[in-house]
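Alright, here's a single protein chain in two forms, structure 1 and structure 2, each given by itself as structure tokens.
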Structure 1
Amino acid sequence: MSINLPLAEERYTAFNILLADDHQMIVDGISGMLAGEQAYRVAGTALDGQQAMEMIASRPDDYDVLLTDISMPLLSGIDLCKMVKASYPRIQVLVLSMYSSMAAVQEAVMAEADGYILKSSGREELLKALHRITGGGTYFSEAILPIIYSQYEKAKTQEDYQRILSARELEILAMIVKEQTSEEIGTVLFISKKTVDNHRANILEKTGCRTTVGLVKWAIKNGIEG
């Protein structure tokens, strides 16, 4: 961050926001919300990640902030964030998500997002987050702190469980969600069905699920193969 960004109050021109969300209702809603704000201007909108990436790539100087949903067609908000941060680190990224899950927040942080707010939060919090990140800071929704905290607590009390899944476990979980049985998974991965079953047991334990049904919901909620 070599350039020191001036605060909103000190600027003569508004911050230009690129809004990416596959729900037109959200796009229109947020556009309407920001219409009355002099500090921010919706300079462009995209209905999927790829479109957003193309818009930024063609005119990177037109945007100061990317406000993006996580789950979008063609290119997810997480991948979009990674790409933008890699090529245009000047652009601040604020992730807007439905999910307050540990995995989703963690992915956003890994993708170097500058902030993360929930769709269950309102106009007030959006403005606060925008103010914070355009000031060069970060903003993570208060609402997600208890989740992170509770996960941390669980990890401490439950003897180090509830930690993240290993690569192998993620691989198997993805196959489970694709409706493959333990035997089929074993055949594909050249390991015993018994090993797959052991992995399943570990996955169930780590995710805190009791059945495969819960696992599928967990996987979808956490954006695995989504």
Structure 2
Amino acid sequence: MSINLPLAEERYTAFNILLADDHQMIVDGISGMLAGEQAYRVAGTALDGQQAMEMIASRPDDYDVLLTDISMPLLSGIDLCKMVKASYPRIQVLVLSMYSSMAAVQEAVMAEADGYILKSSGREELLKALHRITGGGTYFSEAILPIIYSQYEKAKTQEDYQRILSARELEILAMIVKEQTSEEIGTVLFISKKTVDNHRANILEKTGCRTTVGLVKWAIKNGIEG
């Protein structure tokens, strides 16, 4: 006689977030936003950049995501991002800032931040950004994308970079800039995910980039928009 046992409760592995902001109200507010989320957990908070860096340095495996403000005492969010990316590249960095100026966005991009959203964004966009960066992609708020594109002069003409990348690679790169995954790109172009990944690897090699963030930066500098 067979015995039907109850199914084991499904388990979720949450991404651990270190939240760094010098305003306690922001810390409490974001912690509250994520309190009911199974996929994301605020595992630590810091009220300045130096404290955040010390927490990561002492237990780097405890954190998957750094969610940081830009303007903080002792160590700015930009410098914090640079240090984390240099020493702990596994940790994804999402900048959450009230600044939408060209200079602020440019600093974040050059510091290798994986994403940038404004503090005026709601819970839905925060979750969307976290989903993107923990999935290996990037996320830059639609409100600041025009700023990113306008902050660089087109250093090379289309003819210049067409000598580097094929038409198909340029097409895929433009879709990467739009933060589409390999599966999404494959669906649109009617090719397999493996083929997209091969193109992505070739694009990385030809442009001298190592990461998706680097590719986005390269595309922006060369005027390739999604």
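Numbering for residues begins at 1 and runs along the sequence of structure 1. Take the two forms, superpose them, and find the largest set of C-alpha atoms that agree within 1.5 Å; that set is the rigid core. None of the values given here were measured: they were computed from a predicted structure.
Engineer: Between the two structures, is it 1 or 2 that corresponds to the form predicted on its own?
Structural biologist: Only structure 2 matches the form predicted on its own.
Engineer: So, does V196 move by 2 Å or more at the CA between the two structures, with the core held fixed?
Structural biologist: Comparing forms between the two structures, the V196 CA shifts at least 2 Å.
Engineer: Quick one: how many Å does the C-alpha of T211 shift between the two structures once the rigid core is superposed?
Structural biologist: For T211, the C-alpha ends up 41.4 Å from its position in the other form.
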